[in-house]
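Consider the single chain below, provided in structure tokens and representing the form predicted alone.
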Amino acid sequence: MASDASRIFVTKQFALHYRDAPLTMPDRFGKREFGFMFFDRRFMMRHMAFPSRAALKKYLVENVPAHVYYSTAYYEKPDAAKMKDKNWLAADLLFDLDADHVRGAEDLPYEQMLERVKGEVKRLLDEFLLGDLGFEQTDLNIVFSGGRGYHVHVRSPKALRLSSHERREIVDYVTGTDLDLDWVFPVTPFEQRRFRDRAGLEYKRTMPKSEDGGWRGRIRSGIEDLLVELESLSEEDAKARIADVLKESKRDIGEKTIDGLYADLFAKRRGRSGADRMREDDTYEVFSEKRHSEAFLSLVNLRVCGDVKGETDEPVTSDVRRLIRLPSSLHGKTGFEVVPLTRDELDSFDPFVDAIPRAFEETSVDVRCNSSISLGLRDQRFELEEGVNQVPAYAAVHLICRNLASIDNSHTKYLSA
């Protein structure tokens, strides 16, 4: 932090929270390893275990860490100093989504970033975990991380003893890694012509149907959305959009192929376009040339699969010994609470209101802002100028933790414990 006064002030507010808040403890917490980071130290203190909620609360109140972590793994000896001596028993299946792993989120303003990530968490839950993979809501613990995203813990007995490799396969399914488009659009032979005793065979691809489940249904829905989008554009803009996506293809797809692809999809023949026949007849056979068909497959792979895939931090899910933030603890880089949520609560959850600890004070504090800031917290909007501003203590904590402001050492009243 920018000054000792800032650190002391924030530590005091964190201590108020830990004295006031009822801790949310993970299942079988006595089998979990705990770890802590502090405002005045750069290293993590870990390999610790607590026999009771009261023992952990006492530690938090007396030491006031900046970050609190616990292991997704269950150990026979969670406080053993060496990992090999802990004796791994099982681990939650964990999904971690933050702005680093959601396309288009990282460069957004903080409020919009969190909203974008929340949308992807809802897709992960509804389409994949509760949908394709068939977990129950009672199997899932959803947590706002206090920072840039959300965690989803799967504590179903079916998942606890999965190996790292098996967890990686689940990640690959969710993210569509190495998805086989020949499986999505299977090739089937049919008799095209017969001469004497010989039959000439041709091959055609089968379009996934709207009622298909899993990735086939997901890609069918994505294709329909893509066709609607392209239809809404002028021919020139639609071709430019197709060309822009296909630039990422390793295949050499030229302008003539894109012209032919567009014509096959949208030129009217007998009153209907190829796109109409795709949607209404469930057919993929709308292309006049094989190169148009293969270019469309590339478009589906690059655009549709990218739009409908799930998002997660892949190494986190496959790691069976990961430390993760403790619900009801505080995030030292935002001052937000790490909030446990149900699926229904997630829809209306607003971290700028619901993740501000109740124990943080309302009293006014003078902070020096590094630049002008517009920020909404606890249903109040703050329009702050560069330089000294007066804000409630809860807003000061957030600004200081995000390195947007500081308390000057000249304000000696904040240096008292």
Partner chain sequence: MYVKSNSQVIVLTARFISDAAGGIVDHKTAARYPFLREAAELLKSEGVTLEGLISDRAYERARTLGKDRVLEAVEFAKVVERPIATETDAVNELLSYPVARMLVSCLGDEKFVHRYAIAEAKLANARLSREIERAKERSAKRGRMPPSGNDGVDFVMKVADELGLEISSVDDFLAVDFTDFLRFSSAIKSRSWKLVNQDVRNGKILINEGRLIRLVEQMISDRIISELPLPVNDTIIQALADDVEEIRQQLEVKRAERPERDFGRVSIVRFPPCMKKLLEMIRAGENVPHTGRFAIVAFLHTLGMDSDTILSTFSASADFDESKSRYQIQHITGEISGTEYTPPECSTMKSYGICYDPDSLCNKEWMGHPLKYYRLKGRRPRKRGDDVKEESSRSSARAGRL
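Numbering follows the first chain given and starts at 1. Keep in mind that this is a model prediction, so the values were computed, not measured.
Heads up, the form predicted in complex with its partner chain isn't pictured, but that's what we're talking about next.
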So its partner chain isn't shown here. In the predicted complex, which residue out of R103, R269, K158, K247 has a non-hydrogen atom within 4.5 Å of it?
K158
Sole residue of S318, T334, S298, T72 within 4.5 Å of its partner chain in the predicted complex, by heavy atom:
S318
Give a yes or no on whether each residue among G131, G134 and E211 has a heavy atom within 4.5 Å of its partner chain in the predicted complex.
yes
Quick one: is W88 in contact with its partner chain in the predicted complex, heavy atoms, 4.5 Å cut-off?
no
Even though the partner isn't displayed, in the predicted complex is I219 close enough to its partner chain, meaning a heavy atom within 4.5 Å?
no
Find out whether any non-hydrogen atom of R168 is located within 4.5 angstroms of its partner chain in the predicted complex, and reply yes or no.
yes
Please determine whether Y284 contacts its partner chain in the predicted complex, using a 4.5 Å cut-off between heavy atoms.
no
So which of 261 to 269, 232 to 240, 308 to 316, 284 to 292 is the stretch with heavy atoms within 4.5 Å of its partner chain in the predicted complex?
308 to 316
Between 51 to 71 and its partner chain in the predicted complex, list the residues on our side with a heavy atom within 4.5 Å.
none
